[in-house]
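Next up: a single chain in structure tokens, the form predicted on its own.
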Amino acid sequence: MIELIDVNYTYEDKTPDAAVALKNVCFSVKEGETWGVIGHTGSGKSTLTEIMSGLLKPCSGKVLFNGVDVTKEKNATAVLKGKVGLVFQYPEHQLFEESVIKDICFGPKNMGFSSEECLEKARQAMRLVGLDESYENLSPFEISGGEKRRVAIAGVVAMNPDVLILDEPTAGLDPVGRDMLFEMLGNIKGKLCKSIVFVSHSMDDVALFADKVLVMNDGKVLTMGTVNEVFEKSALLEAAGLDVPQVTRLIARLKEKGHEFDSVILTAEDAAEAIYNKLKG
């Protein structure tokens, strides 16, 4: 669906303040995939998402969407509108309409849909994020922080994007809120979006929800692959200032003490089962 080929990006390019953000990045997202993007602050994660969504144009390289090179277009954002949806970190800060339903209708309205179509799409998006019709006429400034985030995500989902990209979607959420958000994203992917890409600092979130992982370091792709393939490379991750999920680290310590486990273990449930079977056997 989306493919980046040798993408480079420099802020304030060709000026004394030039700052390289991406260096020869090659990365592709296929239909049905869920990618977690990790890396320390300044590694290029947010720049990557903005290029994938068309908000930034690479200084060099190509961005293909379903085989079409959008970097050749004068306005890549317009080309990708409704196809790739980007949810910024703390998206609730961008709410501005007088009611929840008007805020969610804003995107479809700008895409040229009729009032009836906007309402239909907005209500579908509300159902997908777990908000019922009682929220429609409420002010988005009078609901809880978690509900504001749902409204903001619904505003992007209402545009029916094929690919949903989220920058640090769990920022500021407690564990319960985090679990609810990922349950919501699973629901969205199952019923609407074909693929999801999310940026996270939490290795545990990535292990829980992603199928594949892209690791960024100093603007470059350090490694990528399935969750198991990436988190097996604990030494590589630690050298880049990153970590592995807490459960994976626990299992690694047990292995150091002579306990053998058959595979990389990423979740608490899998760890509990593996340790139980080890003790039982």
Partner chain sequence: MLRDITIGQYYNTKSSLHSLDPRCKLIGLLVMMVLIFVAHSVFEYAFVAIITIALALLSKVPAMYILKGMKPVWLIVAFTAVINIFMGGGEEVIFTWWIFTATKESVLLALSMMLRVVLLVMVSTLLTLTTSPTVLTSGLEKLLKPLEKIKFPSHEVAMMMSIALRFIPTLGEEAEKIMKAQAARGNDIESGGIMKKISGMIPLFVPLFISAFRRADELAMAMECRCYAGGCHRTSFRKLEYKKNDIVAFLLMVTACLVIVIYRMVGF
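None of these values were measured; they are calculated from a predicted model. Positions refer to the first chain, counted from 1.
The form predicted together with the partner chain is left out here; the points below concern that form.
Quick one: from Ser202, Gln94, Gln124, Asn187, grab the residue that has a heavy atom within 4.5 Å of the partner chain in the model of the complex. Exactly one listed residue reaches within 4.5 Å, namely Gln94.
In the model of the complex, the residue from Tyr135, Phe88, Phe113, Phe209 that sits within 4.5 Å of the partner chain by heavy atoms: So the residue touching the partner chain in the model of the complex, by this definition, is Phe88.
Which one of these stretches, 190 to 198, 125 to 133, 168 to 176, 154 to 162, sits within 4.5 Å of the partner chain in the model of the complex when only heavy atoms are counted? It is the stretch 154 to 162.
Check for me whether the partner chain, as it appears in the model of the complex, comes within 4.5 angstroms of all of Glu12, Glu50 and Gly107 - heavy atoms only. Yes, all three are in contact.
Using a 4.5 angstroms cut-off on non-hydrogen atoms, would Leu56 count as touching the partner chain in the model of the complex? Answer yes; at least one heavy atom of Leu56 falls within 4.5 Å of the partner chain in the model of the complex.
Considering non-hydrogen atoms and a 4.5 Å limit, does the partner chain approach Asp103 in the model of the complex? Flag for Asp103 set to yes.
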